[in-house]
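Encoded as C-alpha cells, the following chain is the form predicted alone, with no partner shown.
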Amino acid sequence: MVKNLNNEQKQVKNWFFDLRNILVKKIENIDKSKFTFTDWLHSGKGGGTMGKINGNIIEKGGVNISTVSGKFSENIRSKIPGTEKNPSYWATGISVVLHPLSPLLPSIHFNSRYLNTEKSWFGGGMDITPSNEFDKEKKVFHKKLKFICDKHDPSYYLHHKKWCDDYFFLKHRNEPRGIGGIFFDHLNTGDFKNDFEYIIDIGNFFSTYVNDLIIKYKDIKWTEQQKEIQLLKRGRYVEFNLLYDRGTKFGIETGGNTDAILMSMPPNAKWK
C-alpha cells in the first residue's frame, strides 16, 4: 500500500476506485455475469486490482485500478516531465477495455490517470473501435463528447480529438484504429479543482455512454459475415496495442502486472 498521500492524491485515488465500482455494477447488471478480481503488487510500492469479466454480452472485459510509486529507470526518465533531478514518481489510474461478443457493438477503451513527479498532471481519454457500420452512433458519440469538453474549455474538444486521431493510428497500415474520441496528457492548468472536475465529468460520461450503448445493441441479431469482419478488426486492435500503445510500454517498463497490462487484448482475432 502507498501511504502518506496528500489530499489531492487521495481525492483522485478514491474517485478512480468509485468509478471502477460504478462501471462494474452497470456492466454486471446488463450482462448477468460477475467480474473476478485479482490484487497484485507493484515492483516498487503499491499495486492494483485487476477486474475481469467473460460474460454473455461482454466476451472479454477488464476494469483495472492501480496506485503505485517508485523510481523511473534511466532510460524512461528522459520521457517523463519532472524527473530531471529526482526519478521518483507516484501514479494512480483506471483502465477499461470492453470487447463485446456482438459485432454490432464496438470495442471500447477508456483510461484516466494522475501522475506525480516533481510535476503533476492528468492524462487519459477514450475511443471506440467498431467493426461494422457505425456512422450514426459516431456522430452522437462525438457530439456528446464535445459537450463535455466545452463545459471546461472550448479548445479541449478539437485539441483532444486531434490528439486521439493522431495517437490511435496504425502507421504501418495507414489507417485509424477506430472512430476516435479524445486523448490528452500532461493536463495541468494550475487549477487542480477544475482539472479534476474535467476528469470526473469524462468518467461519468463514459460510464453512462457504455451503459446506454450496450443496452441499445445487445439483443439485435447479427450475421456470421459481421462476426468475421469483427475478428479481422480485432487483429488491428492487437497490432496497435503491441506496436504503439504507450500504456502497454509504460506498464511493462515500470514493473506493472503483465496480465493487467495485457487485459486489453481481445479474446479472439483473425488476420488474412
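Rigid core here is just the name for the largest C-alpha set that superposes within 1.5 Å across the two forms. Note that the structure is predicted; figures quoted are calculated from it, not measured. Note that residue numbering follows the sequence shown and begins at 1.
Just so you know, the form predicted in complex with a further copy of the same chain exists too; it's not on screen, but the next bit is about it.
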Taking the shortest heavy atom distance, is Lys10 within 4.5 Å of a further copy of the same chain in the predicted bound form? no
Counting only non-hydrogen atoms and a 4.5 angstroms cut-off, does Tyr244 reach a further copy of the same chain in the predicted bound form? yes
Glu239: heavy atom within 4.5 Å of a further copy of the same chain in the predicted bound form? yes
Can you tell me if Lys85 lies within 4.5 angstroms of a further copy of the same chain in the predicted bound form, counting non-hydrogen atoms only? no
Quick check on this chain: which one of Arg173, Lys71, Lys162, Lys139 has a heavy atom within 4.5 Å of a further copy of the same chain in the predicted bound form? Arg173
Candidate stretches 127-135, 105-113, 165-173, 183-191 - the one whose heavy atoms come within 4.5 Å of a further copy of the same chain in the predicted bound form: 165-173
Could you tell me if all three of Asp31, Tyr217 and Lys233 have a heavy atom no more than 4.5 Å from a further copy of the same chain in the predicted bound form? no
In sequence order, which positions of 248-272 have a non-hydrogen atom within 4.5 Å of a further copy of the same chain in the predicted bound form? Lys249, Ile252, Thr258, Asp259, Leu262, Met265, Pro266, Pro267, Asn268, Ala269, Lys270, Trp271, Lys272
Does Gln11 shift between the shown form and the other one by 2 angstroms or more at the C-alpha, the core having been superposed? no
Has the Cα of Thr254 moved 2 Å or more between the shown form and the other one, judged after a core fit? yes
